[in-house]
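Taking the form predicted alone, here's one chain by itself in structure tokens.
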């Protein structure tokens, strides 16, 4: 058994069986001051308030294992869970950054052959080993910043060979790191070069059985200028019994992607920069997690999602980084949490739940990650002394992590 003791604040406590929080519950989390937490075989065995030290207490120095940690008044919290990333990609698109500065929109850059197609061209010219090496740099950066579970999408291959190369790289990452990794087949990210729209939709459908050998989820970019509701419906119908849906929706327009995602029991519908009351109503009473990506709003100058209104309507929301080369080149989930507070007017607790428990739910791992719960993985952040959730979002660039614990036995 390993102990973490002298914890100033233990935050993120949830009862067993709570896999997500919604409505008013999004603004609540269990907190324990002056606490201890016990870990056995990589899982949270128990926790509680610090007792006085006496001869038969495991908190006496003579009883602690060499692996035990004196938190010295630091905060212990569940590690960040990032349910939407495109972190496997080749090269850089910093030239498009200059295009954005010069006033071109995301859609205009894509129409000129940039954007997703640019990343696809770079990926095709990059060996699988080099793609893995480049991607691991970004993944390690995310882990150093406190991410303990992440989802990674394909979608820059845009033909069978390229998409399967990406999925193999994601699988290799999954086997190489202590963080949890979920894989998503996003063949329907854009129309691959040399295909008509219909031919490419058919190619994606035909690739589903092979993609399912590696992937956990299937995704479609259901938005203006990319894939229609009808395309999405056909792809998700073909994916039944193979892969669980997660949908890109409502980034560029109110697309109908939320509704088709709900129809197919998508685990999450993501982006949601542009939504109406109809999307809120469609999500009520479903198992689908609305997931908002404030990094894209920040980088592209898009509207921020209506997170507060979703919560007031009784829904939960998750926040994720959307780490990708074109619209959110950052995987810092602490910054995502801060944007939730600063730009979306979430309370620090609402934003905290959005980047931990609810984001874990949106990638299907909240039975093991996202909260301080007995039996869950001890996937934790230990901070230096003096931190709480408000300060975490307020001083969003001040170093705070003393140690990241990944919950491996």
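Just so it is clear, the model here is predicted, and its values are computed rather than measured. Residue numbers count along the first chain shown, from 1.
Heads up, the form predicted in complex with N-(iminomethyl)-L-glutamic acid isn't pictured, but that's what we're talking about next.
Of the residues 335, 310, 221, 200, just one reaches N-(iminomethyl)-L-glutamic acid in the predicted bound form with a heavy atom at 4.5 Å or closer; this is 221. Checked against N-(iminomethyl)-L-glutamic acid in the predicted bound form, the residues 74, 157, 325, 316 give one hit for a heavy atom within 4.5 Å, which is 325.
For the candidate spot formed by 86, 116 and 251, every residue has a non-hydrogen atom within 4.5 angstroms of N-(iminomethyl)-L-glutamic acid in the predicted bound form. With the partner left out here, N-(iminomethyl)-L-glutamic acid still marks one of 325-333, 206-214, 171-179, 227-235 in the predicted bound form; by a 4.5 Å heavy atom cut-off that stretch is 325-333. In the predicted bound form, N-(iminomethyl)-L-glutamic acid sits beyond 4.5 Å of every heavy atom of residue 274. Using a 4.5 angstroms limit between non-hydrogen atoms, residue 246 is distant from N-(iminomethyl)-L-glutamic acid in the predicted bound form. Residue 106 belongs to the set of residues with a heavy atom inside 4.5 Å of N-(iminomethyl)-L-glutamic acid in the predicted bound form. At the 4.5 Å threshold, heavy atoms of residue 306 stay clear of N-(iminomethyl)-L-glutamic acid in the predicted bound form, well away from it.
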